[in-house]
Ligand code: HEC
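First, one chain by itself: the form predicted alone, in structure tokens.
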């Protein structure tokens, strides 16, 4: 038993414990949820992206990911839990889905705050 302690103790001293913020976790999850990152098809900020263009029976076609950064949470949640052609199935937990949504909407509050301040200034100028 005492030898086991000698083996575990150095490991505990040398092991590195890291703490990440919810936004860092969300960013990592967006970039690599289960091997294929969301940004490959949906863009760095969920704006949508064309992945490939090709011809099928002499007709030009394209394949890409849709815009996902403007979806309401309910639609976003349902889309991740519904089988769709071309979309890999990730089997994400509710917490992971909420984190992805947080990542995609991280600047929404900042934009709203700036818009409210701008509107208030415009109203003051009009008076």
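Positions refer to the first chain, counted from 1. Bear in mind the structure is a predicted one, so any value in this text is a computation, not a measurement.
What comes next is about the form predicted in complex with heme C, which is not displayed.
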query: When you measure heavy atoms, are 22, 27 and 98 every one within 4.5 angstroms of heme C in the model of the complex?
result: no
message: in the model of the complex, is there a heavy atom of heme C that lies within 4.5 Å of any heavy atom of residue 93, even though the partner is absent here?
response: no
- prompt: Using heavy atoms and a 4.5 Å limit, would one call residue 80 a contact residue for heme C in the model of the complex?
  reply: yes
Touches heme C in the model of the complex: residue 54 (any heavy atom, 4.5 Å): no
Contact flag, residue 102 vs heme C in the model of the complex, heavy atom cut 4.5 Å: no
query: From first to last in sequence, which residues of 23-43 have any non-hydrogen atom within 4.5 angstroms of heme C in the model of the complex?
result: 33, 36, 37, 38, 41, 42
